[in-house]
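Presented below, as structure tokens, is a lone chain in the form predicted on its own.
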Amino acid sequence: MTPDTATTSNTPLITVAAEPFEFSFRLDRAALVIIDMQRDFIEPGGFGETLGNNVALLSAIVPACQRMLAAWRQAGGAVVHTREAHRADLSDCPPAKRNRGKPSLRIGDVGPMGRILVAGEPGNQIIPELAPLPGELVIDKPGKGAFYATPLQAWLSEHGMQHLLFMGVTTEVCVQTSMREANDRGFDALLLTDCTESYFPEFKAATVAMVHAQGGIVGWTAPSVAVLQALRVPTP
């Protein structure tokens, strides 16, 4: 089942105040996609910090992400988590990716939380505050996008999903790449602006503007409070 062949749902239409115009979806045809909220990117000592970044910028969105995730679960919506992760032998990590730049530690090297961006290592796990529940899909992706070399598209099609709500990190890299992949595959996507962040605030601002530019060329953007209000969840 693909987005344009999914059967009509009888569940109520939920409408969110968004840019560039309202974003509407049915809960049983929508998934919350949480991109790479991993210890390696969010916590001190992880890969993000070895690149010289201030990880506090990313950890600041955790409370908003927690509120959104809790409300979505309470409403009964589908949840997808992704992790940027490579096999232990790095056979799915091209040399061009591993050797780029001048980090103090490279993908596969041993850091304070185990081998950097290697599946199964402590640093590669999703932060405890957003830990997946049994039954929620967890995707290990070797690239920036959530669709590349993963079963995500097949799972979304199998479950009749048409709309995706994105949050996670970083805005301009893995989140934006995944949204563009989703757009090319026929999914409508909403970026939750206070539930995503970059190590470079100006990059986040530019990405948000690009996403909803030209009538939503990539998708929609809105703060999570707009979704909470549409779901009729009390907001702080």
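In this text, residue numbers run from 1 along the sequence as written. Predicted, not measured: the structure shown is a model, and the values here were computed from it.
Only in words, not in the display: the form predicted in complex with tricarbonodiimidic diamide, which the text now covers.
Judged against tricarbonodiimidic diamide in the model of the complex with a 4.5 angstroms heavy atom cut-off, the residues 14, 25 and 220 are out of contact without exception.
In the model of the complex, tricarbonodiimidic diamide sits beyond 4.5 Å of every heavy atom of residue 182. None of the heavy atoms of residue 32 is located within 4.5 Å of tricarbonodiimidic diamide in the model of the complex. Contact check for residue 47: a non-hydrogen atom falls within 4.5 Å of tricarbonodiimidic diamide in the model of the complex. Put simply, residue 174 is close to tricarbonodiimidic diamide in the model of the complex: some heavy atom of it is within 4.5 Å.
Note on contacts: among 51, 57, 64, 208, the single residue with a heavy atom within 4.5 Å of tricarbonodiimidic diamide in the model of the complex is 51.
The single residue of 183 to 211 lying near tricarbonodiimidic diamide in the model of the complex is 199, the criterion being any heavy atom within 4.5 Å.
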